[in-house]
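Here we start with a single chain on its own, the form predicted alone, put down as structure tokens.
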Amino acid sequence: MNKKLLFLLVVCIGELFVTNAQAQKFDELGKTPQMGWNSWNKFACNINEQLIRETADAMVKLGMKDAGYEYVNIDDCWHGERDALGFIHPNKKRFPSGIKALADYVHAQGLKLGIYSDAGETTCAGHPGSLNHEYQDALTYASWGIDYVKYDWCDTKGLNPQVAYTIMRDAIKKAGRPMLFSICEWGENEPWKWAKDVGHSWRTTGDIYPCWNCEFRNYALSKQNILRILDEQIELRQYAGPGHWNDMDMLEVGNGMSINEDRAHFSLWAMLDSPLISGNDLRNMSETTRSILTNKDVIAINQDKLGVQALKIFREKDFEIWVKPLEKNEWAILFLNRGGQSLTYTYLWLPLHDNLSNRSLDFDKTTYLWTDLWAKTTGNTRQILKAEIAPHSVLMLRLKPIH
């Protein structure tokens, strides 16, 4: 089939399936929050095929693949131009071998390749977006072997987000290749209320910034710190679950915060079932950063198949307690010190009930063995817990019932 005929077919398919009530996302994907790497936080537009290949190599060599990371995602600026029929091509200087060859390389490492586009005419960096080319782009991505699509929201004035994202969802489904669909609409139109059947995850806030509690502003651009993003999740847990996750944006572990802040950031994203998409330079990260990103005990909290986002049960000034029900009547408890001074806390193991999961913790009836997921120390709930929590840090425990 020549390109002209293919283009006409794409247009017809697009018109048919936009209104097809039976169209849906690939439901087999995203049963637990997706894990991987994305180029934007560290490299922005300074990307090329060598970086992606070397990152895939590092993901395998440094144990991230073994820890559960599987997606290597190219963000904005991979784009070249559209041809006369409207099909998108990669930038020839940055990706001279083409995206298909790059996907083949990543797949050969046992990993998956992701790509980026935008619901508007242009991406956030000014490259060709997918507006009016959704079915063409989805077919192109499928032919390249793409496994993940991050879909942004720049240059979209006058567009309805639910309609725009549904069109791309339908296009991906019709293209026939399972691709995880990551909605990056920044939470501006409350996607948690309408995107469950559209995407596998949706951003709940603006872009992240590697800072514990400061504000970044550059003209009209505002990026959000760790604590601000955390605070915006409080009312959203009811919308998350297997196949549809609240996305707190990509991880900033290894991008300039302190060790305690990196551990706390990673722990909180794990507790709240956010996708774990690292955003650092994997090729040159420190052993400390690697050990944080590959902490399998913390990752297991995020990947628990029950899929219930953590609940904040207590806050007093800079101190918070979060709990998360897990499979097999297990629980995770996180104690957070938001402030700049060390805190000493005594926890009396009071009973609690989570209405969302209908799970209860009754320490009078059941004794739990706890494990500190960072220090690897253990104890049990027959004894009062006394802990000192460093500034900008967490104590994160997993509780298993003693039978």
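One rule holds for the numbers: they count along the sequence shown, beginning at 1. The structure displayed is predicted, hence computed values, not measured ones.
Omitted here: the form predicted in complex with a small molecule. The next part is about that form.
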The small molecule in the predicted complex: contacting segment from 182-190, 307-315, 285-293, 130-138, heavy atom within 4.5 Å: 182-190
All of Asp57, Ala108 and Ile146 within 4.5 Å of the small molecule in the predicted complex, heavy atom check: no
Heavy atom within 4.5 Å of the small molecule in the predicted complex - residue from Glu252, Glu330, Glu261, Asp76: Asp76
Listed residue (Lys150, Lys324, His265, Arg169) with a non-hydrogen atom within 4.5 angstroms of the small molecule in the predicted complex: Lys150
Heavy atom of Arg203 within 4.5 Å of the small molecule in the predicted complex: yes
Distance check, Trp40 to the small molecule in the predicted complex, heavy atom within 4.5 Å: yes
Proximity of Asp207 to the small molecule in the predicted complex, heavy atoms at 4.5 Å: yes
Proximity of Ala195 to the small molecule in the predicted complex, heavy atoms at 4.5 Å: no
